[in-house]
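Next up is one chain by itself, shown in structure tokens, the form predicted on its own.
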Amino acid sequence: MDLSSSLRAFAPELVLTATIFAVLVADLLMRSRTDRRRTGVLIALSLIGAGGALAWAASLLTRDLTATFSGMLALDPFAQFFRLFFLLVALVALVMAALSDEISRSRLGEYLLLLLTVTLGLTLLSSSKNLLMMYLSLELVSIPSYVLAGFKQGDRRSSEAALKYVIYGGVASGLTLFGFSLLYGLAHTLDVAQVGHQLAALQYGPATLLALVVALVLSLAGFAYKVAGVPFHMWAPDVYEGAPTPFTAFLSVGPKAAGFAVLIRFLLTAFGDPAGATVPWNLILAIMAALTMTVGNLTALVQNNLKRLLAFSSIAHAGYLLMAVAVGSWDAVRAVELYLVFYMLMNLGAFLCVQVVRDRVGSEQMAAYVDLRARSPLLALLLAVFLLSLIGLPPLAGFVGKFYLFAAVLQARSALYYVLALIGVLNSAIALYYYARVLRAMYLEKSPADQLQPSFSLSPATTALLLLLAVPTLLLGIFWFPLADALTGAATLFH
């Protein structure tokens, strides 16, 4: 594509970039205005910009796009799906920030432009087909995220979250860059597709094979860090707990999905089908998947803070997704995309419920949810829907998503994948316990007379957003075929 065609195909990202600058300028110019008026303008600008980028991205779905900017970015159906996905997540996260008491109104402009910047990085990361572009996009996502994790001024947990996030992120970033440099040394190119061609043509001696294995393992470090896969998961619980809840919700879905998008593109393009790959990358991912889902679920059993519980739950769900990525088939890629859509709905919904309780009660502990059915019946019901879907019980979307994941794994017809599927089933059974703890607290437990929590109602905006997430979670558990059919071509990657 020539430059003008590339710019037209890149229009949603350009709209997002313009929105970032518009929010920055508006925030600076309206410093003297009242917080309420400035807040309204900033949120409106952000929503209009993100919504405009989403509409433009949707209009490009019917166009035959290949690659832009001399092959640096791919605009295949796979990339277009994830671009729409990230913009949808950003819209929900922006509304959550507007509804939250954790985001200072005086600093809302900074928060919004940083969140939009991360979203821009996510869209670039999922479409990058150049090693250097992958790394730069990874940093564009990571650096603003460090700031957002520690956004609550004067909060010790928030400062600790940012510090740990920076340390783990810096180490993972360095390992990834070293892995990419080894790949460049082997293939003499930064284009991921050309890397695949060059690696396939190499004559492998012991030293070359060792270098390739080391390059793969180091390169996987940054991707595993983004998806919170073991052993690069240790930052997640503290960051999820310390960060503002709207950003925690965004972090649990957006960057995680981007990590899977770039991981799939990197492995399938550079290393090819796992059945014929020189390095058994599917075995590495299968081991990581088994460890990730097991560590996440077992550690979640003892959590009493809901944000930490959902953090370990998020780690476990990364394990389920890694299980399908290890298969490397077209059906597995489609299953990952389908599950991410369902995961977006149920996880953002669960964190929005946590945000409401935190804002009304001032606590994220399990005790704040005792007898919630009496204090806020609608909130308790909606949180139950999201948690039951996260468990994977029918007839909810989470069940359909897990069915597709396990079906893709079993279709590989290999002892490795049969064992992996069995581990996944056992972990799903373990997950039932810690989600059921929250349900029991809401519906079966009673607070002592001297520890009664206040009743509260939901604002119309909060109710609307919760229903917007809960209704599809219910309906897609029954009528998922249209979405699955729509994703039929979205698993296509152009090399």
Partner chain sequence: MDFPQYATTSHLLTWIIFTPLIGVGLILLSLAIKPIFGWSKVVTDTIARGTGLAATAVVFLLAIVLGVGYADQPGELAFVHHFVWIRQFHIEYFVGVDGLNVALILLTALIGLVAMVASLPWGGRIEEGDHPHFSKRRVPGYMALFLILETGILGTFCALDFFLFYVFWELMLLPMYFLIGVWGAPTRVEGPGWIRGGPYAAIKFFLYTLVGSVLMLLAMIMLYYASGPAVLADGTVSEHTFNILYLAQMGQAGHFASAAPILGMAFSKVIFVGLFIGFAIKVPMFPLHTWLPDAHVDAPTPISVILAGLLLKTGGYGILRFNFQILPDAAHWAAIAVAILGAISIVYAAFVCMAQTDLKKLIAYSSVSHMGFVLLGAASFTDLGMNGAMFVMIAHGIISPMLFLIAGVIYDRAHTRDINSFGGLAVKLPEYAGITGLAFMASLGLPGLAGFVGEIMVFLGAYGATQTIFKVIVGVSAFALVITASYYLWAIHRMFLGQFNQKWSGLWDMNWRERFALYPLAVLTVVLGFYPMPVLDLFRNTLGSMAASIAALNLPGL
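Positions refer to the first chain, counted from 1. Quick caveat, the model's predicted, so the values are computed rather than measured.
Another form exists, predicted in complex with the partner chain; not displayed. Remarks below refer to it.
Undergrad: With the partner chain left out here, work out from 145-153, 407-415, 341-349, 110-118 which stretch has heavy atoms within 4.5 Å of it in the predicted bound form.
TA: Of the stretches listed, the one contacting the partner is 407-415.
Undergrad: Is the partner chain in the predicted bound form close enough to S5, R37 and A44 that every residue in that trio has a heavy atom within 4.5 angstroms of it?
TA: Spot residues vs the partner chain: no contact at all.
Undergrad: State yes or no: in the predicted bound form, is some non-hydrogen atom of T462 no more than 4.5 angstroms from a non-hydrogen atom of the partner chain?
TA: No.
Undergrad: Please tell me whether any heavy atom belonging to Y168 falls inside 4.5 Å of a heavy atom of the partner chain, as the geometry stands in the predicted bound form.
TA: Result no; Y168 lies far from the partner chain in the predicted bound form.
Undergrad: Could you confirm whether P395 comes within 4.5 Å of the partner chain in the predicted bound form, counting heavy atoms only?
TA: Close contact exists here: in the predicted bound form, P395 approaches the partner chain to within 4.5 Å, heavy atoms only.
Undergrad: Would you please decide whether L14 lies within 4.5 angstroms of the partner chain in the predicted bound form, comparing each non-hydrogen atom pair?
TA: Taking the distances in the predicted bound form, the answer for L14 is no, it never comes within 4.5 Å of the partner chain.
Undergrad: Can you work out which of W330, Y204, F403, Y184 has a heavy atom no more than 4.5 Å from the partner chain in the predicted bound form?
TA: Looking at W330, Y204, F403, Y184 one by one, just F403 meets the 4.5 Å heavy-atom criterion.
Undergrad: Of the options I287, L136, V425, A211, which one has a non-hydrogen atom that comes within 4.5 Å of the partner chain in the predicted bound form?
TA: By the 4.5 Å criterion, the partner-contacting residue is V425.
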